[in-house]
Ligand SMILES: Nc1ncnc2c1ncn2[C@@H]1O[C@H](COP(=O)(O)OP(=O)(O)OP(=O)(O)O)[C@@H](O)[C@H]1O
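Shown next as structure tokens: one chain only, the form predicted on its own.
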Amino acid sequence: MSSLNSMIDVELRNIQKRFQQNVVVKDFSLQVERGEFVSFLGPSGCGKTTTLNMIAGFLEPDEGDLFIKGKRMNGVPPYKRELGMVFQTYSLFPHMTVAENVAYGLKLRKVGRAEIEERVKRVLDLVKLPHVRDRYPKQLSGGQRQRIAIARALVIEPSLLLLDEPLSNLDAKLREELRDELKRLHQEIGVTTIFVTHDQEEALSLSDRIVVLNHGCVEQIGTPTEIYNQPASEFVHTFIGKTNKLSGRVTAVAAGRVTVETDGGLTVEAGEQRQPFVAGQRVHVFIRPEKIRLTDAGRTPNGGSGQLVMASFLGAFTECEVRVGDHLLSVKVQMVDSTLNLNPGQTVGCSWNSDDVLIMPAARDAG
């Protein structure tokens, strides 16, 4: 698709960024459609905030081209990019009231007083905080301050909203509440949004698509479902959610099925995989904890019997560790589905569907 396509709000073409000799973003290409919510996800130092700052105009790419609304933005200053940005720290002016903070960007744009009043009221209603308009930032909770920062970014009616880890300074309960608030806001106003986070749950719950980054490189771009269930690399699979990793060797490939004998003494049958494997090949086997079922002791069609080592009740589910052969498997048991009494020391069966098994080449065979 061309950058002139009216449905593409942001396009990055082969973007690279270096700090001295260190390449922090390598050959990054992406198209973000109008109204899309895209998350940049990865560990610290992977290049996600650097890329966001290049889109915002705070940094210039060393190579490649950046387009917003079909217009090339290389060299264009931030204030000419028609975007709103929310930072990890709230960056509210302490000497201004909430209403004055929210109105600040409109005053810089020489918007008339009556329109400023109407737009400030509308956006404070949108973030459900009309009652705090005359308070000062120090009189607000952390969650309220962050919502005011979001309101300040939205009031200028940007064509693009950039969010740089806006929830990371909040406690767990507040993060969850504000995450739901962000989702509601996006559904209501539909502004194209790029969101930077290292939190997998945030990215999975909020995004239309996720860009997974590692050491400045794009590992995978896809929907949350694709990223979670069809990871393109071992990094993506192990970074997104929990998993059990077993090493072994392929013993048979037939009729779309791959059989692996693990080093820990398990025979694992997997369904059709995204890439071909051959008998004798060293591989890693991955099974998500929630895909494993605990049963009464006995042989299982795809799995084995073992000893329950640990059971931690966490409300809706119980996290278990089960020793099967030489493997210590992590298992997530949904309590609504379980009739087992989970007592450490008891013998249980572990089973899983072959279609829930992911196989990837071991490093020396990945080539």
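In this text, all values refer to a predicted model and were calculated from it rather than measured experimentally. In this text, residue numbers run from 1 along the sequence as written.
Note that the form predicted together with this ligand isn't included here; everything after this is about it.
Listed residues Pro61, Gly47, Gly306, Gly57 were compared with this ligand in the predicted complex; Gly47 is the one with a heavy atom within 4.5 Å. Look at 317-325, 30-38, 63-71, 48-56: in the predicted complex, residues with non-hydrogen atoms within 4.5 angstroms of this ligand sit in 48-56. Proximity of Gln88 to this ligand in the predicted complex: non-hydrogen atoms within 4.5 Å are present. In the predicted complex, at least one heavy atom of His198 sits within 4.5 Å of a heavy atom of this ligand. The shortest heavy atom separation between Glu219 and this ligand in the predicted complex exceeds 4.5 Å.
Residue contact with this ligand in the predicted complex: Glu202 places no heavy atom within 4.5 Å of it. Along 228-254, a non-hydrogen atom within 4.5 Å of this ligand in the predicted complex is carried by no residue at all.
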